[in-house]
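Taking the form predicted on its own, here's one chain by itself in structure tokens.
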């Protein structure tokens, strides 16, 4: 659970995951990615989320080195690209691109080819010290249950599309019962959710931005969240979510925005 003094979520394996991270999906390898990660680290982010499929691990590593922030203070996530076949081998290649000797969390990016086949290789990556924790992404309840039944290590995290508009209650409840931390990606709906009338009304009442309201909804539920931005001012604004709280009325109004009917699915549609 989150601790009041640290802004982290303690995972079932004992590793502490910062509740706020920067995601770099669709950020090209190069200066744009380097700058975004450096700016995030400058304003206090200590959690960076990348993936083999993003093609920008080199830039994340460069930004980390240039930031001057000690490696041990930054939680780094990368994801196994399941069109490859060897999770441990691909993890080692990720470490070379990142310029680090381990990542903090290594997750299967999506359950292509079935949810179970890659898990032994993920466990091997952990055993070899390439990662401290292992998990999954875009896994629905039934897929997560298959991994838990087949493996010797329970996934620490299931990273899924999650926000007031994608309030996947059945998936969240299943994760909590299994000791898996649900983590939110696309909490702002790639910008779509920022103009919703309920969100903007609550933001106005609190003197906050719509993005801050949506991110606060997650962290107030102890759900780690990884908004993406390449704009310095927005990266900084998105970090200002720990000095206010949503009221019960605000939470209820946001909860009512759910369009998934509390689904157990990880996404509305699959791309694999």
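Residue numbers count along the first chain shown, from 1. Not measured: the values here are computed from a predicted model.
As for the form predicted in complex with a small molecule, it is not shown, yet the points below apply to it.
Colleague: Would residue 115 count as touching the small molecule in the model of the complex under a 4.5 Å heavy atom rule?
Modeller: Judged by the heavy-atom cut-off of 4.5 Å, residue 115 is well away from the small molecule in the model of the complex.
Colleague: Applying a 4.5 Å heavy atom distance criterion, does residue 194 contact the small molecule in the model of the complex?
Modeller: The answer is yes: residue 194 has a heavy atom within 4.5 Å of the small molecule.
Colleague: When the contact criterion is heavy atoms within 4.5 Å, does residue 174 count as touching the small molecule in the model of the complex?
Modeller: Close contact is absent here: in the model of the complex, residue 174 is far from the small molecule, nothing within 4.5 Å, heavy atoms only.
Colleague: Would residue 228 show up as a contact with the small molecule in the model of the complex if we use heavy atoms at 4.5 Å?
Modeller: Yes, residue 228 lies within 4.5 Å of the small molecule in the model of the complex.
Colleague: Is every one of 168, 220 and 222 within 4.5 Å of the small molecule in the model of the complex, counting heavy atoms?
Modeller: Contact check failed for every one of 168, 220 and 222.
Colleague: Specify the contacting stretch among 49-57, 242-250, 62-70, 229-237, defined as having any heavy atom within 4.5 Å of the small molecule in the model of the complex.
Modeller: Contact-bearing stretch, as computed: 229-237.
Colleague: By the heavy atom within 4.5 Å rule, which residue out of 155, 111, 87, 187 makes contact with the small molecule in the model of the complex?
Modeller: Selected residue: 187.
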